[in-house]
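Next up: just one chain, as structure tokens, the form predicted alone.
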């Protein structure tokens, strides 16, 4: 293998793949990126066996070939070079990759493609196409509610339900529940229900954020999903099993609804949360169009903020995990939001004022 390319283009491609590099694996080859040169295209791939990323860049190919190179090392070298162009060659008899740039030369030990895990290819027509901006916003709203505890693998995923004209995402960690919905212009031919690791969707969102393309094409296999946006593909395993029946915990209706300015509520909650230490909750008390947000941690101190809200009813007192409350507030779009409450021991609902495409259910904390 031998090729020339723009240094920045190669760095960008390698950085895309670096998202899938394993930092904990006992297999050294998973710390590498597979580089395959074929014609005028350089294909780059990386995997940690849960997610994989594949992309390609244009190069001047002198000789086709493939190899696996340590990701961190080659990126460190390329980012510290001054030359705009680099020449890269495989010295097969030495098992090394040679990098030439001006007066600089580096010889890196490599792995070979035969030892690299096989990554599925997207084949045929996509199952559906998603609007990149809309799906990115939905991931941002919903994925934060997924559990990060690997002891409950099902809860580390996001349930994705698709119909020919609609998509829904659901995530829960047992303490909160987030549901996002949107319409589809080109959904699947029938109903689809899959569980995707939340980490995979967060990585997809990072790819979306750096892309100028507006469509995410989705390909489904028996146990994996492939997302393609522009020249980048993210491949993720699916979580097998049955997602919790989230519909069972959704209350049928709320009698008490508090309308509040999102920015003021978020700012006040963040400030008061500074005094909610050692698992101390934030308390929210509302009555007569006034909300009081407070926290009191023994041996640390206390904080209180007041703000006007739209709720003429009698006093409601309810306490929340401060970070879960902040996550719920930040997930809602718009300048205002609604908090719906049944009583201090029942889940509260945070949702937009005028739209029904998102809701965030949060369990309260019992306080004396």
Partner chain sequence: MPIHIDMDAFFASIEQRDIPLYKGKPLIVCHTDDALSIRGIVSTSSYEAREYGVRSAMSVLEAKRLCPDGIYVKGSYDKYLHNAKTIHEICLRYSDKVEIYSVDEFFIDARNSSRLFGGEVDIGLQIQNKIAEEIGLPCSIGIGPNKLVAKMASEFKKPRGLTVIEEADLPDAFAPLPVYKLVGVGRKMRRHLNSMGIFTIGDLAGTPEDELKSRFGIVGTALRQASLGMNSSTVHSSFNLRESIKSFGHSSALGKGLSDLDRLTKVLLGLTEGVTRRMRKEGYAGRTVNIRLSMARLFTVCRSKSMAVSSDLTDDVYPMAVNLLNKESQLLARYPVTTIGVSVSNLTDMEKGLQLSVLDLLENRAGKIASVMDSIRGKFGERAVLRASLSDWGRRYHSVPRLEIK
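Residue numbers count along the first chain shown, from 1. Keep in mind that what you see is a predicted model, and the values were worked out from it rather than measured.
Keep in mind that the form predicted in complex with its partner chain is missing from the display, and what follows is about it.
Its partner chain is not shown here, but in the model of the complex it comes within 4.5 Å of a heavy atom of residue 245. Contact between residue 156 and its partner chain in the model of the complex is not found at the 4.5 Å heavy atom cutoff.
Taking the partner from elsewhere, residue 281 is found to have a heavy atom lying within 4.5 Å of its partner chain in the model of the complex. By the criterion of a heavy atom within 4.5 Å, residue 321 is counted among the residues contacting its partner chain in the model of the complex. For the residues 172, 269, 236, 127, the 4.5 Å heavy atom test against its partner chain in the model of the complex is passed only by 172. Contact with its partner chain, judged by heavy atoms within 4.5 Å in the model of the complex, is confined among 273-281, 208-216, 184-192, 69-77 to 273-281.
With contact defined as any non-hydrogen atom lying within 4.5 angstroms of its partner chain in the model of the complex, the contacting residues in 286-321 are 298, 299, 321, given in sequence order.
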